[in-house]
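Only one chain is shown below, in structure tokens, and it's the form predicted on its own.
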């Protein structure tokens, strides 16, 4: 989830994002999708991203029980490499070595990853802080801390009682790169609370439990998100987009969630309506027919995705558009209007 930490210095501010432990879950969050951060600059909204690549980072030289500093470095390097391997994205990262002076969270214009002992944050496995230039929306610094109050593992097959470092690093590096949370996931209620049963995105805001390594692999929603931020030429040529409006009684609504499902490939990608006109755009879609569904953010913590006080509409019914929408290769579907009604 995001929360402002106040202005760090003139024209710059911090954003913080956290990944919650699975044993302390919020409400279930079915079928929502990747979210880019929009930053208001001089009356317009710009996308938060790095202005140049490769994005360089350091590793704070400190291990914890079960994970040495070298093992930590290697696990996060594998996670960085997974994002770099997306063929339709250009993002690149560069490791600059160990540090003993730059800690995650220091405002020193150095990107640092490392452990920090934060037992008071008993729901937070890891957190990413982003320092941005408010005049341009460009990222200036990004740090990731992993909470050493939890037990960690770098074992290839995972360890039953420990959280998988590579999995959590993959999620946090998505934030580090400019992506917000996806909500393509499902949970179930157990005697000990809710637990994650399935996800269709690494960027889902609640982690699987200890020992689970299934989220070491990026899904369609994650790939569409990072490619939309840092598109290759092939991305724009080989995929398409679906755009339009969501209306209620003739008026656009803010904060509706729109998903596009490709019945041929089984891939699911989506986005939100992010202005008062109810406009949305979903990029990175495989060309072909798609089933489009709209739903309110009424069964999840709204703050995990959008600002709670932003005037998000919640009182409409989930709606499936009455016809298939064909996404062309290298182009857009054309504006689609989806009308919803009150619950």
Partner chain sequence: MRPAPVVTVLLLAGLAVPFGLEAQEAPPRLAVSVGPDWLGEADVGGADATLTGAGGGRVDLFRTASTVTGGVGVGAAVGVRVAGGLWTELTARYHSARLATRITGDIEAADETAREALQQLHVDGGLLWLPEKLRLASRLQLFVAGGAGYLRQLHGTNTLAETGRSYYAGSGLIVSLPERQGGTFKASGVRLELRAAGSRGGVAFDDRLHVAPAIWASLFLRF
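Residue numbers count along the first chain shown, from 1. These numbers were taken from a predicted model, which means no experiment stands behind them.
The same protein has a further form, the form predicted together with the partner chain, not shown here; the description that follows concerns it.
- Message: Can you tell me which of 284-292, 65-73, 48-56, 271-279 lies within 4.5 Å of the partner chain in the model of the complex, counting heavy atoms only?
- Response: Answer to the contact question: 284-292.
- Please check if residue 119 has a heavy atom lying within 4.5 Å of any heavy atom of the partner chain in the model of the complex. Residue-level check for residue 119: no, no contact with the partner chain.
- Message: Using a 4.5 angstroms cut-off on non-hydrogen atoms, would residue 312 count as touching the partner chain in the model of the complex?
- Response: No, residue 312 stays farther than 4.5 Å from the partner chain in the model of the complex.
- Message: Check residue 208 for me: does it contact the partner chain in the model of the complex (non-hydrogen atoms, 4.5 angstroms)?
- Response: Residue 208: contacts the partner chain in the model of the complex.
- Message: Under a 4.5 Å heavy atom criterion, is residue 100 part of the interface with the partner chain in the model of the complex?
- Response: Contact check for residue 100: no, nothing within 4.5 Å of the partner chain in the model of the complex.
- Task: With the partner chain left out of view, choose which of 84, 159, 186, 134 has a non-hydrogen atom within 4.5 angstroms of it in the model of the complex.
- Result: Looking at 84, 159, 186, 134 one by one, just 186 meets the 4.5 Å heavy-atom criterion.
- Within 217-232, which residues have a heavy atom closer than or equal to 4.5 Å from the partner chain in the model of the complex? Heavy-atom contacts to the partner chain in the model of the complex: only 219.
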